[in-house]
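The form predicted alone is given below as one chain in structure tokens.
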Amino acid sequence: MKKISVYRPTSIEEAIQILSLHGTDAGVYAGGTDLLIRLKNRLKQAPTFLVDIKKIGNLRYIKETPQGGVQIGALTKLAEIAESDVLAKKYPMLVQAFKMISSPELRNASTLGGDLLQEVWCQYLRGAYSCWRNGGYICYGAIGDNSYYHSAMGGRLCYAVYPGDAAPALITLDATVKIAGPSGIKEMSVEQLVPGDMMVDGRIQSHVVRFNEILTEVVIPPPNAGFRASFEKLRPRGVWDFAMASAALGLQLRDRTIEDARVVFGGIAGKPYRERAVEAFLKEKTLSADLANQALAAALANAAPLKYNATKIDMAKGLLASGLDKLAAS
């Protein structure tokens, strides 16, 4: 395993100072389920200095806001979110999604912030191939086995898919995040947080958090009357595996008329893929048993599958149909 040094700050301000001191050689350590594997495999982007933020006491909570929404600290365990009575009452789709993340053991260790900001899970990157993300000049997934971990919606430097399940579900709920940095707190939507592969501080990453910033909180707005949502996921095994495809669907209804819609696919692109064409199609439609077949015609028209992963598009469309059918029947 790569040799490391560990800092244990007791405040966000102290953690940011340490991150600023060491630049891109430092990284935040919380649950560690993703980070430790990168260290073990000696990946180029694995940090040398770990800033362990677990002792920062005000980053692990689930609490209601005065307006009726919910704030969730970035160090909150995935298991705590999956088992929360408050979230189950206000956002049952979110709890459903978190119960499908990984295994019970890993949910007890992994944090919300870690799931949102995790590295992609490409077998070539994890196998320490000299790919774009690991300091090389080629995406092996684009030319090799791309049946599972790679984008069916095109790519640029890297074709690995964004693996997280939390982000698609949270985007459907119009959630926002808070990020602490040297200049204070900035806020953005979860969709803006994970825009897909881009260069940040000289590194390819799926999110926009800089080397000296820390994700501190997720804020979900109050649920509206008439809002219904579903989360569907396909994976080879019932636990641990990442999604071959997933679909988070949210509909704002007036009686049976769809006033607004959110459709976000996971597991098929380098980011949570928001399907705005389907959202536009669904608006002002009546939620009915035959709506799913009509919506599929507008779904994923821009798909650009690689040699072995066209089936991901069929899976994603099937999950969209399943989600709409369930909401129509409820």
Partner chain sequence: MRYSRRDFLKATAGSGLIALTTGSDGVVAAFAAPPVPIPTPMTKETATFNINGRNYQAEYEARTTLWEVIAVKLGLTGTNRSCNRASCGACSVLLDGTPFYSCHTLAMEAVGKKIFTVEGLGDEKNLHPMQKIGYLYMAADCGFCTPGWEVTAKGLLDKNLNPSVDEVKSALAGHICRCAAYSAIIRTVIDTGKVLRGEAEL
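If you're wondering where the values come from, they're calculated on a predicted model, not measured in any experiment. Residue numbers count along the first chain shown, from 1.
The same protein also exists as the form predicted together with its partner chain; that form is not shown, yet it is the one meant from here on.
In the predicted bound form, the one of S130, Q96, N108, T257 near its partner chain [non-hydrogen atom within 4.5 angstroms]
For this set of options, the contacting one is N108.
Since exactly one of L43, L36, A304, L296 fits, which has a heavy atom within 4.5 Å of its partner chain in the predicted bound form?
The option sitting close enough to the partner is L36.
*Looking in the predicted bound form, any heavy atom of R156 within 4.5 Å of its partner chain?*
Heavy-atom contact with its partner chain at 4.5 Å: absent for R156.
Exercise. So in the predicted bound form, does S330 come within 4.5 Å of its partner chain, heavy atom to heavy atom?
Worked result: Outside the cut-off, so no.
_When the contact criterion is heavy atoms within 4.5 Å, does V219 count as touching its partner chain in the predicted bound form?_
No, V219 is distant from the partner.
Problem set entry | in the predicted bound form, N134 touching its partner chain (heavy atom, 4.5 Å) | Answer no; every heavy atom of N134 is more than 4.5 Å from its partner chain in the predicted bound form.
| field | in the predicted bound form, segment of 205-213, 247-255, 157-165, 112-120 with a heavy atom within 4.5 Å of its partner chain | value | Selected range: 205-213.
Candidate spot E64, R274 and K285, all three in 4.5 Å heavy atom range of its partner chain in the predicted bound form? Checked in the predicted bound form: no contact with its partner chain for any of the three.
Query - Stretch 166-187 - residues with a heavy atom within 4.5 Å of its partner chain in the predicted bound form - result: Heavy-atom contacts to its partner chain in the predicted bound form: P182, S183, K186.
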